[in-house]
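This document opens with one chain alone, in structure tokens, the form predicted on its own.
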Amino acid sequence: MTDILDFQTVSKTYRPRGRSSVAALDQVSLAVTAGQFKVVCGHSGSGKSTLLLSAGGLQKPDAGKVLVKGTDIYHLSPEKRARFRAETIGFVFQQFHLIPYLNILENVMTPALALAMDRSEVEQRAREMIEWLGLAHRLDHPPSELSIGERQRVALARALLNQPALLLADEPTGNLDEQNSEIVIQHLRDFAARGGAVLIATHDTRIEADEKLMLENGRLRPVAS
């Protein structure tokens, strides 16, 4: 299998003024292949978000390499890295970050429009994605008229619109009830089954995965099944 994400001894330390330094990542190595669904667990402040931000090209580590589809993303210029990220990586966050004055269709379309893609093609793809996630009846609604679970599915549709190779999800079920959590996780598994690579950071140790890891004191360790 092809490694989509390859973390090679990645370290990141925060040095707050007036306080002791904190090693969020300490020589972390991690690989996620095409079709794989992996989960990194840990308590709040354990470094899970730092791991995802580093994996997504949003936070440069202090040491180590982050390769996505074989590209060392932090060797790219900021402009090239931003475009590579838009074309290759999808993000799902606990706080959905939907644009309140846009309807659902427009929210889902926003990542592709940033790449100056053909609008009619983007709209067709967005409609198909929204339908796949069971929200076709909500196309013209603003986020304020959706339930929490529906908003998370819209955020997932937006993340998948550009057909990324890698999907990063930070606490994707943190605001959801059990039923909606199962719906969102199943869609993430479906994406992996289609050949995508999925990495979830969560405090929820109940999520089943191809591999489950625990991040503690900046280090990853496997979680016994």
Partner chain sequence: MKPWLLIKNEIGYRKVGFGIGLACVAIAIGSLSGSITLLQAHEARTEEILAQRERETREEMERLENDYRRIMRNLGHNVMILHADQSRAALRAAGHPDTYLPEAYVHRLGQGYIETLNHLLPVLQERTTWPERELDIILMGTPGQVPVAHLTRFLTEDGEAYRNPIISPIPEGKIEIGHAIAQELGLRPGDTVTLKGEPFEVHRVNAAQGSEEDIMVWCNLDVAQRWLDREGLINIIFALECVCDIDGLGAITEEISALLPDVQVLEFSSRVIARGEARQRAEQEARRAIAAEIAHRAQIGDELRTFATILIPVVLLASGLWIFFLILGNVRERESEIGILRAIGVKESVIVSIFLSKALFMGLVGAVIGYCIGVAAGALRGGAGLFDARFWAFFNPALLLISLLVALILCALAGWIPAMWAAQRDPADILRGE
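Positions refer to the first chain, counted from 1. Computed from a predicted structure; not experimentally measured.
The following text describes the form predicted together with its partner chain, which does not appear among the structures shown.
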Contact flag, residue 50 vs its partner chain in the predicted complex, heavy atom cut 4.5 Å
yes
Hey, in the predicted complex, is residue 102 touching its partner chain, heavy atoms inside 4.5 Å?
yes
Report yes if any heavy atom of residue 110 sits within 4.5 Å of a heavy atom of its partner chain in the predicted complex; otherwise report no.
yes
Tell me, yes or no, whether residue 46 is in contact with its partner chain in the predicted complex, where a contact means a heavy atom of each within 4.5 Å.
no
In terms of non-hydrogen atoms within 4.5 angstroms, which of the given stretches 52 to 60, 194 to 202, 33 to 41, 179 to 187 touches its partner chain in the predicted complex?
52 to 60
Since the partner isn't included here, can you check whether its partner chain sits close to all of 131, 153 and 208 in the predicted complex (heavy atom within 4.5 Å for each)?
no
For a quick check, can you give me the residues of 158 to 181 that have a heavy atom within 4.5 Å of its partner chain in the predicted complex?
158, 170
